[in-house]
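Next up is one chain by itself, shown in structure tokens, the form predicted alone.
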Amino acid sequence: MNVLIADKFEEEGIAALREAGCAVTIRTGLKDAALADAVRESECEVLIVRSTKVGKEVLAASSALSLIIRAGSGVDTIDVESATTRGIRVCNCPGMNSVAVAELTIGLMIALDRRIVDETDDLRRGVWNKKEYSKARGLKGRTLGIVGMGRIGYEVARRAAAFEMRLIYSDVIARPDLEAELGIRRVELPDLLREADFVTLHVPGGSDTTHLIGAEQLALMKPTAFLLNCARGGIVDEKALAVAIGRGALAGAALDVYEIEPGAADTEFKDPTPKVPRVYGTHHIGASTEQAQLAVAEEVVRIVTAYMTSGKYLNCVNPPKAAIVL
């Protein structure tokens, strides 16, 4: 089976695919027409991507392409509707990076509360300003509002509970099992925004969540509250966020994802939001731990192997009627 890997992928995963009998081609840093050419030239049946976008041009490049695997959880970078029309199945690796994203979220919460980035910057410039930075409120007893109580939201809640934080969540689905386990309370989104000292977003990207947090929602938050987005760029209206922080309506924010992100091969970052004082930023690396990437690679190999040996589509987000989804 011909497999094209279009993004960074663990060497262990590549070796396992080859051991399973796959002919593996690696072409990273491509997009649009160049990626379409690679799909056509490789005659791949399976395309593996992470952040690379897969649009109609790529999907139409070769009749051999039958399966796209997102080496991660969300599939908003893939035109699933067009893939479905062409009979191409799309599978993902849900839950493999949940702990990694949760760990980054907790780290950013502490960094915001203690202003670790600002302190480090001052020290590197030779500035000692202990009085300015001795004003942290602490996490114990503070209210954490989790928007989206899926796998990542759950892992965040577990860790926040260890800090003795009060926990509330907003989700379209009630989770009484988790409420009993974690002592977390379900509320409507406006109430969560009003009540929380920290708001962390863990919902999928896409049209349903674009600018889920805009000027109207930010206005509901406490001026002492912090907003975190380690989910998908576009969930937060970043212009509205900059305005809210600039006028003191919000204490700060931490972002791992952005409305404007470079392509896989680009090094220039054009999104202005992290330049706003009290906004901390990381490089969309929430899932980028060795543990998480190895887990994702193992899951990708499992999906490819199942497809090769039995024709089954594991974790398929657009299964045909005859497909078996495990």
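Note that residue numbering begins at 1 and tracks the sequence as displayed. None of these values were measured; they are calculated from a predicted model.
Beyond what is shown, the protein has a form predicted in complex with a small molecule; the following relates to that form.
- Note on contacts: among 209, 143, 73, 170, the single residue with a heavy atom within 4.5 Å of the small molecule in the predicted bound form is 73.
- For the options 51, 28, 291, 282, the residue carrying a heavy atom within 4.5 angstroms of the small molecule in the predicted bound form is 51.
- Listed stretches are 43 to 51, 297 to 305, 270 to 278, 29 to 37; the contact stretch with the small molecule in the predicted bound form is 43 to 51, by a heavy atom cutoff of 4.5 Å.
- Contact annotation: residue 287 falls within 4.5 Å of the small molecule in the predicted bound form, judged by heavy atom distances.
- Residue 202 falls outside the set of residues with a heavy atom inside 4.5 Å of the small molecule in the predicted bound form.
- Residue contact with the small molecule in the predicted bound form: residue 105 places no heavy atom within 4.5 Å of it.
- Mapping the unseen interface onto this chain, residue 97 counts among the residues with a heavy atom inside 4.5 Å of the small molecule in the predicted bound form.
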